[in-house]
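Next up: just one chain, as structure tokens, the form predicted on its own.
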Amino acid sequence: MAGNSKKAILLIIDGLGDLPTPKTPLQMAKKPNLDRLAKNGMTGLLAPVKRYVVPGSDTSHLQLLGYEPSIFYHGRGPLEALGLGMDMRNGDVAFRTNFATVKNGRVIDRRAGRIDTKTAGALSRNLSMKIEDVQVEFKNSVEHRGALVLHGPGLSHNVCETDPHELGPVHECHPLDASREAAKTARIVNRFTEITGGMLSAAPENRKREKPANMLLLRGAGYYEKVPSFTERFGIEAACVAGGALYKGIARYLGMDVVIVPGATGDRNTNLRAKAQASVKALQDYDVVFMHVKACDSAGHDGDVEGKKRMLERIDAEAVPILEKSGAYIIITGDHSTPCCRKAHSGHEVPILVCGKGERTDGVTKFDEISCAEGGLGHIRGKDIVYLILNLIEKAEKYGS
């Protein structure tokens, strides 16, 4: 598609990087299309935030999209809420939530037996309410996940979480500073937890469950503050294609349009072809499309080498050929490494490739962590990505006269 020759697709494969045991999933995967792009383009290694810093998915995506986390990151809760389509205003406070199973004040399952989304949705009815002068809004996401937003005056995100992050006593929310705002917020959170605990315990959906979803655990407190949009800062129009709430929320936070794709589930069953087709179609109206794929990160957290390898092969077979035919410049990288042997994020750099008409090549013929270390891009930083894209699509401003 010649009309897309001055446009770009940024594909972020969540948790892309790994460690060799004795090979990485990328090295083991059959990925002829990714390897061809590497051969026909430029490669390197990317430090999403800073070299050897272990990035969160939230902070790394902000940095990759040109928003320095030390300035623009105010906690994960608001990003999750925005991704669920919840409205937020300056000063609102938000949390990530988990449906959990609690017995005698102790968490015995943080995910309520991995409750299904349909049941969680039924349990979510009537969990929004007003406490004092604050409107408390709850919305469930996928399975046990959800988000809670506090709308009202005099709030603070500087309160502790109720989620212990392990089996054990539920934490009482308490202020982390001496301000009236933090004391008020903690009081409202504790009252919400008390009320909803009673409602959930009495809910008919929980009566036959071996692990009833009888409490909402809160974590990731943050506050909302409107920021300059991606278009205002960089002078180009951008859209997002993603399944997970966090990534859609980051896009909304930055003023990007979010393309809703049926079948984009944010898990290993996501419809990669539909996401790739939607990304290419969006190029008709946008300069840049940010496409996100989650499941490799999930496999890394599970220590599932074979599952990560299979997902990489699916991306190669189902998404990459569609993106390549668009005629747009293609940038493929990850937001962090999630080594299967660690089952957690790490500070190892991730491979990156850039391919498009008229661009340089570097002699690298494989897309993996070891091969890309020899690439012509060298070691680059997450903060460079937007400027790399602007240069590719000839929208970069000259520095100097």
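As the structure is a computational prediction, the values presented were derived from the model and not from experiment. All residue numbers are counted from 1 along the displayed sequence.
This protein has a second form, the form predicted in complex with another copy of the chain, left out of what is shown; the following refers to that one.
Under a 4.5 angstroms non-hydrogen atom cutoff, another copy of the chain in the predicted bound form lacks Asp35 among its neighbouring residues. Contact check for Pro25: every heavy atom lies farther than 4.5 Å from another copy of the chain in the predicted bound form.
Contact check for Arg76: a heavy atom falls within 4.5 Å of another copy of the chain in the predicted bound form.
Using a 4.5 Å cutoff between non-hydrogen atoms, Thr333 does not count as a contact of another copy of the chain in the predicted bound form.
For the stretch 37-74, the set of residues having any non-hydrogen atom within 4.5 angstroms of another copy of the chain in the predicted bound form comprises Leu45, Val49, Arg51, Tyr52, Val53, Val54, Pro55, Gly56, Ser57, Asp58, Thr59, Pro69, Ser70, Tyr73, in sequence order.
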